[in-house]
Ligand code: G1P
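Just one chain is shown here, as structure tokens, and it is the form predicted alone.
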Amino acid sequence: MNPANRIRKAVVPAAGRGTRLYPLTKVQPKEMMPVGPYPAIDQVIQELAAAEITEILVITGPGKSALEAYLDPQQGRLPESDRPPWLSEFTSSRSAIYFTRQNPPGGLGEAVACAQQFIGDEDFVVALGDSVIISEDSAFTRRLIEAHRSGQVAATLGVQRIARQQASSYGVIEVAEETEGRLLVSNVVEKPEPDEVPSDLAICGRYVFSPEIFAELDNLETGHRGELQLTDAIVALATSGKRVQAVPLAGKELRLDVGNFASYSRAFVRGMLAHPALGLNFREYLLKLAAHLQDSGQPDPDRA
């Protein structure tokens, strides 16, 4: 741990093939899919920078060169005179970004394990590159980090509330106890059936770990499809007596998932509506389009 107990490093896994978004992901990484007017990966990096993360390791894989090029602050940059007035271009001035390749991708656990040399003996954040967290001024990420720093725990999991019928798409936590607002986790069930759901809290693509996670990853055996599962390492921490806690999204905080067509389409619309300069016109367009589709006598906004 660094002397000030400050968490300054993050790992962004972005090596997945994006098969559920094929053919959109045939040549474009899913992390480059726009959520509103900005790619998902851009918003993840901005979130981490706003949470005072100064060093970010992005785990890429085959077919991800566009993502690496995008995160190069100099490549393809528009001159000031050519930028549209609403554009706030990403800049990495507050965070140094590094890359390593997971080739071939071998699961989320393997992606995190790739970062061991980069992390060293420090606690660190993991932020999935295909999940955008809507949270004012990155308050959720800051809260997650602060809870980890003050909790004397091996892992802190960001979680969101879900409906039971959605559980088969998530890792769902089992809560051992709640103490002073902290949720202590005893187990994580990956993609449970509706009658096996241990709670209504699912991991939302944000984690903070101590370096102890690497020992558990080293001891894991490969599971389904020959992949190392991060969930298995988290469960190993909890069952070995290490403290694992969870912090839920609160208020209007929301996870937007760029994982499949249904969740991506909602993420794009939400991202557009939330944009301070473009959102109002987009909302007016959607209202007019909905009215037209419900009643063909209403004007078609695309034929105005």
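Numbering starts at 1 and follows the sequence shown. No experiment lies behind these values; they were computed from the predicted model shown.
Another form exists, predicted in complex with the ligand; not displayed. Remarks below refer to it.
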Looking at Ser135, Ser210, Ser95, Thr231 here, can you tell me which has any non-hydrogen atom within 4.5 angstroms of the ligand in the model of the complex?
Thr231
Scan Ser131, Gln102, Ser199, Thr141 and let me know which has any heavy atom within 4.5 Å of the ligand in the model of the complex.
Ser131
Taking the ligand in the model of the complex, would Leu108, Ile203 and Arg225 all count as contacting it (heavy atom within 4.5 Å)?
yes
Would you check, heavy atoms only and a 4.5 Å threshold, whether Glu122 touches the ligand in the model of the complex?
no
Does Glu174 make contact with the ligand in the model of the complex, using a 4.5 Å heavy atom cut-off?
no
Lys191 versus the ligand, in the model of the complex: is there a non-hydrogen atom within 4.5 Å?
yes
From the candidate stretches 212-220, 114-122, 142-150, 183-191, select the single one in contact with the ligand in the model of the complex, where contact means a heavy atom within 4.5 Å.
183-191
